[in-house]
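There is one chain below, alone, in structure tokens, taken in the form predicted alone.
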């Protein structure tokens, strides 16, 4: 009888697993902001990547939940000993969502456009070392580089490197066509984005779900109410701390907390007064109390940082103690720069409306700056306005936003980036880091880059943003960490 009971337990357990992963069903996910377009090669908005990366649009390779680079549209690849030739073997019999065949010509078109600085493709610098792209047959692509680039594979895994059908650039902005497990169905402006299972996906048995809807719900109170009522299944990103506590107390819900590569960054325009003066920028560092922000504003969620790198990333160096809170030191630096009680420092602090972490932290920082006599006038703008005016136009003095892309310290080597940081030594060091074949030396250079940014007080790096999402109990397979911005639903299923 004992062995019979044990056998029945095993049988029930196995049946339970089968039932739990029965395909089908619909999932509704809340996101905070509406993307300006739907093509990650046309805008750097992370909302695009969160919805479309690997769900709809894929590249040759991709990041998995551990941040590892794994095959996507390429089955395998070889790198020549000198690091100048990358040969990719493409998957065969892959279809785009419009039914057309994916071939090497689509790859050729994509990367010829990507490396053309006049094409409108985001971040052509990622591909500038490509000198030639060869397609000896329909399933092979060869990249030839002018010099070694230690970040080439990383760049091919980024959202900007997704591949669509050749010659369909404009269409991708509003009706993206990819090769992923889900196909795009509709973009209801101001409401959400709808995806459906792609029946010809090249991985058998994936995805599990039939439909996924990403709804734009910027109000955190409305998000939580809809989740508890069953109108939403997942709050995908940016759950505020007090809502996280409510979720933990609800038996029908569960909370996921994990790591990200997000640096919550107080950006200062280094080319515009008052932040073209390093003394003012350093004063900001001493005036901001990061421990207080993590404890009081974020209720302990988040880890303070001191440069543009997250603790989980390769060759991170902890510089969070470089500028400890010191009001007297902040006032002295401001005085050296010509500011004081009779001439207080005053500027506009621009916050993006959809993002609660950044808005709350920004408001708290404004109060901290007031303690040293600084007047930071808060201005809240819509996301589209922030992208056009702050990010693209650098028309701002101070702002705050989360930089979510992994290994993105190279943005500081671009003097036209919205921080307007122009340091030749940094640019040369970053270039050396990219070309080095010695892992230890490359790590040392990466640490030097982090220290250089901190010494120049380019920005105030507040904390590594936590990944906090809330789900209904029956939602399984959701990513617990965010090594790249992606609400990957390929293996998400509803427990029966």
Partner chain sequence: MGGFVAQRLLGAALTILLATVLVFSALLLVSGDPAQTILGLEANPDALQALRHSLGLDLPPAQRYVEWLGRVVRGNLGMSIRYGKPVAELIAARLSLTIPLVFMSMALAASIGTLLGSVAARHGGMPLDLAVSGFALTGLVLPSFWVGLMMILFFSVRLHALPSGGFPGWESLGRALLHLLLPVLTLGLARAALMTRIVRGSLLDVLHEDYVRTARAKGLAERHVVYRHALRNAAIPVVTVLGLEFAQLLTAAIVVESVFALPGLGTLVLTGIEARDYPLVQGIVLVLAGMIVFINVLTDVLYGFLDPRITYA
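We call the rigid core whatever largest set of C-alpha positions still superposes within 1.5 Å between the two forms. Positions refer to the first chain, counted from 1. The structure displayed is predicted, hence computed values, not measured ones.
Just so you know, the form predicted together with its partner chain exists too; it's not on screen, but the next bit is about it.
Picking from 132-140, 194-202, 218-226, 149-157 the stretch near its partner chain in the predicted complex, with a 4.5 Å limit on heavy atoms, gives 218-226. Every residue of the trio 118, 124 and 392 has some heavy atom no more than 4.5 Å from its partner chain in the predicted complex. Note on the partner interface in the predicted complex: the residue among 396, 417, 347, 426 having a heavy atom within 4.5 angstroms of its partner chain is 417. With the partner removed from view, the residue among 98, 382, 336, 318 that has a non-hydrogen atom within 4.5 Å of its partner chain in the predicted complex turns out to be 382. Of the heavy atoms in residue 460, none are within 4.5 Å of its partner chain in the predicted complex.
Although the partner is absent here, residue 35 sits close enough that one of its heavy atoms falls within 4.5 Å of its partner chain in the predicted complex. A residue is said to contact a partner when one of its heavy atoms sits within 4.5 Å of a partner heavy atom; residue 386 meets this definition for its partner chain in the predicted complex.
Proximity of residue 300 to its partner chain in the predicted complex: non-hydrogen atoms within 4.5 Å are absent; the residue sits far from the partner. Of the residues in 334-350, none comes within 4.5 Å of its partner chain in the predicted complex through any heavy atom. After superposing the rigid core, the Cα of residue 154 is displaced by less than 2 Å between this form and the one not shown. After superposing the rigid core, the C-alpha of residue 230 moves by less than 2 Å between this form and the one not shown.
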